[in-house]
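Single chain ahead, by itself, as structure tokens, in the form predicted on its own.
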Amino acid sequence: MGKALEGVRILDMTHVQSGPTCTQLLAWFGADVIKVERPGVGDATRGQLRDIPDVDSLYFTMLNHNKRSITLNTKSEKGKEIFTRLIEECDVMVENFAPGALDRMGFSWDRIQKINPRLIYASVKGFGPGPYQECKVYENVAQCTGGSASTTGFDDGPPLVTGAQIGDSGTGLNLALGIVTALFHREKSGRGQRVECAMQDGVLNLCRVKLRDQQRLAHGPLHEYPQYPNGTFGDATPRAGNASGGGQPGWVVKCKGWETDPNAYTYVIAQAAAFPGLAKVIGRADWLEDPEWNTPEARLPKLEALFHEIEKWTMTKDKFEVMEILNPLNVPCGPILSMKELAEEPSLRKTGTVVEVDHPTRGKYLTVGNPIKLSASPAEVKRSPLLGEHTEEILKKVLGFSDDEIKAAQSCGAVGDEHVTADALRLKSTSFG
């Protein structure tokens, strides 16, 4: 069965997280992703946060599955010549360099269009056009400048960043969509185009409900926020703790074992339609006849007391029991799952959401798989490439270099001459998709 993006060739000039997230997603769908790395060095994340000495880090391996690696010195004249040939042979080029980096290398958009008019040139930037467009951005900077941090945390505490990589990986997902959209458009127009995604824009896009609330705030207090009715509202969307952003009262409550387990909690939403069942199961059926409690409007000023009563019940159950009891009652809820619990969840292994991969120097490790499931084009997760593992293969099979031309390119330092061990090359990527 063919892959959805089989036949599409990606020139991957990305590093760290945002760009590699994008190109890995395309590779999972079958695109031939050629990752260009510096000879002898490679992507900076190969050596960052290592848990095993002299082995590619999990940071690198978990963002670069299904790719081929070529080492290329793009500062040398021969390297620029090879880079130009790669542009000619690829459908898409993806980069997340600092602003203007490729222009300074001599590869402006105008020149790239002349080299290959069908090429799609995709970029991740920190900011779009404006006062900050020349600034470098990292994950937490994007969260802070995109509105996430100002609206995350509790009202009496500082702004907080989230553990989810909404700036880097979130923008990488946006860029992947932009690329496949541009590929679709090229089928009609015959020409490539620029695709740009700014991290600030991506974070703000994910914070749209908070921008919604900013406008609602002009017309009075936000009733679903914990500041109502006894707190105060300023002129900007406040931090709302664990309140639900959808207008339904929700909160994190303790479960049995919370004293020693930092994740013995669950999230419960006291949705109006399911409130009778919730009230009965926690032993407060009397609320259903009490006008102080039996309407959403009556309960709204007393949400703290409401969740205190719910918590008295959840503290007698473990978090999975709470879910088993409340789900049949149509009460929205969910246990706080730790990374350990997610890594060990059999259903996530079965769907390919969590995948075990074998690596020639690291051995077996867990990674997240493709979050997008296609019925006719299932994704398989193959190991990340060793540094320069496919240099000779790409020069020969993609660019048509002879053995002598490859040796000449190596001898002048245009490409790396890393020698991958025979054992490593014999090891085939293990797929658990």
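No experiment lies behind these values; they were computed from the predicted model shown. In this text, residue numbers run from 1 along the sequence as written.
Unshown form predicted in complex with a small molecule; subsequent notes refer to it.
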Next on the checklist: So, F97 and the small molecule: in the model of the complex, are they within 4.5 Å at any heavy atom pair?
Outcome noted: yes
Next on the checklist: Using a 4.5 angstroms cut-off on non-hydrogen atoms, would K319 count as touching the small molecule in the model of the complex?
Outcome noted: no
Checklist entry - Any of the heavy atoms of K312 lying within 4.5 Å of the small molecule in the model of the complex? => result no
Checklist entry - Is there a heavy atom of V36 no more than 4.5 Å from a heavy atom of the small molecule in the model of the complex? => result yes
Checklist outcome for this item: If we test each of N116, N73, Q271, N174 for a heavy atom within 4.5 Å of the small molecule in the model of the complex, the one that passes is N73
Next on the checklist: Under a 4.5 angstroms heavy atom criterion, identify the one residue in L160, V209, A101, A298 near the small molecule in the model of the complex.
Outcome noted: A101
Checklist entry - Tell me which of 136 to 144, 274 to 282, 345 to 353, 223 to 231 has residues with heavy atoms within 4.5 angstroms of the small molecule in the model of the complex? => result 136 to 144
